[in-house]
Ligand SMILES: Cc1cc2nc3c(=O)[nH]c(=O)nc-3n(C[C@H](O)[C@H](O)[C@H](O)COP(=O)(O)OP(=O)(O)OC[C@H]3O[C@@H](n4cnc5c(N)ncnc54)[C@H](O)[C@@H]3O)c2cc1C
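In structure tokens, the next block holds one chain alone, the form predicted alone.
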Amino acid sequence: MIDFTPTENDLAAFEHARAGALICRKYARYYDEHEEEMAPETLPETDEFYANHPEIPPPGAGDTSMLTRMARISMISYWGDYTVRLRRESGGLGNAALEAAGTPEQKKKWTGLCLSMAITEPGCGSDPSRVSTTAVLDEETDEWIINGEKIFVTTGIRADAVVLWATLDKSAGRGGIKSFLIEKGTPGFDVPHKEKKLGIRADDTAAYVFRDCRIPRANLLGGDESVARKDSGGFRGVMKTFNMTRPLTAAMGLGLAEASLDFTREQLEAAGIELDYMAGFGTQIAAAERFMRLEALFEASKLTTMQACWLAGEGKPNNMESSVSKAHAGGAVRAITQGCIEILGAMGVSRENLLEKWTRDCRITDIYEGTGEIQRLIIARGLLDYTRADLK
């Protein structure tokens, strides 16, 4: 039986996360408008909080699974603010790939660095199997030579290094794709520009260019053995990372959705609008009915996310469920934040409040780590037993 009941230890962790989130929210508007000024160490109030308060209690006996706990903490943390929280985190998506597919030696060397992950290319967006960045092994020097271009790299500026997707053989399709660890400052590795974005402005997104970039042979994620094995270091191995991170991405977006609902509920109550959960939808004013439908959408998305996390925590397959949670949340958070703006009217779009910012920030939930369209293809394959070719 699935049980999401938190223990006292879990509740203490959630309370700690909420306190930190409230501090981050104070800086949200400023750094949305002054993104260039923000560095991880520029929030003294937050630094003081973490210095003077016990860290989030680690999981104990009887606690919910680590992934379920992380999802709940993500919802709470990002309820404060999406981008300020992201900017203060020490790791990137590449760290999850390192943990999932790296050798013990690689983990020892690279774990302390912030690792971005570079997948998307100008001609390769939603289908990562079409990666054209190449990696060629120079047997004489025992080095990989990397050539190609990557775009929309999350945390691309502040990352210390990158987990790069490149192909050893374009004719092999997904089978030829491997991941490589490349540190900033390596000759031939350039960061030409930072993206200007609609939302999540405080967290940077960049483009990478590789021109005859030489890296040691040992920088192949998973080691030389991963070339022969299909389950480590290559397309399949690193894609497994997303089964863990997609529910967490959904949780991050749901944090913004919950913040939007909380703000809208406060404004409705201040206006004297009663939310009667025992009455039928047709018996209440339109604003109350619309709001309760948005709440129901939030709860449904939250449950799909918790289910995906619970399965992972139990060591059970969650490939389809993680895509369900990501696809559902991607649409839900956009519908919820937009719906809250429509309920509140002029107050919803005013820059005096954070709702319009949350609406801009949350759109990335449907794009990060595979768009909603891609998630629906994965779901179709899981439900209908379709092959990749069947969906073309």
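All values derive from a computational prediction rather than experimental measurement. The numbering used is simple: start at 1 and walk along the sequence shown.
The same protein also exists as the form predicted together with the named molecule; that form is not shown, yet it is the one meant from here on.
The putative spot formed by Glu8, Pro58 and Met252 is not touched by the named molecule in the predicted complex; no residue has a non-hydrogen atom within 4.5 angstroms of it. In the predicted complex, Ile119 approaches the named molecule with a heavy atom inside 4.5 Å. Proximity of Ile367 to the named molecule in the predicted complex: non-hydrogen atoms within 4.5 Å are present. Contact annotation for Ile200: at least one heavy atom lies within 4.5 Å of the named molecule in the predicted complex. Under a 4.5 angstroms non-hydrogen atom cutoff, the named molecule in the predicted complex lacks Ala17 among its neighbouring residues. Only one of Ala12, Leu22, Ala380, Ile374 comes within 4.5 Å of the named molecule in the predicted complex through a heavy atom, and that residue is Ile374. Checked against the named molecule in the predicted complex, the candidates Ala71, Val153, Ala257, Ala101 yield a single residue with a heavy atom inside 4.5 Å, and that residue is Val153. From the list 167 to 175, 272 to 280, 192 to 200, 139 to 147, the contact stretch for the named molecule in the predicted complex under a 4.5 Å heavy atom rule is 192 to 200.
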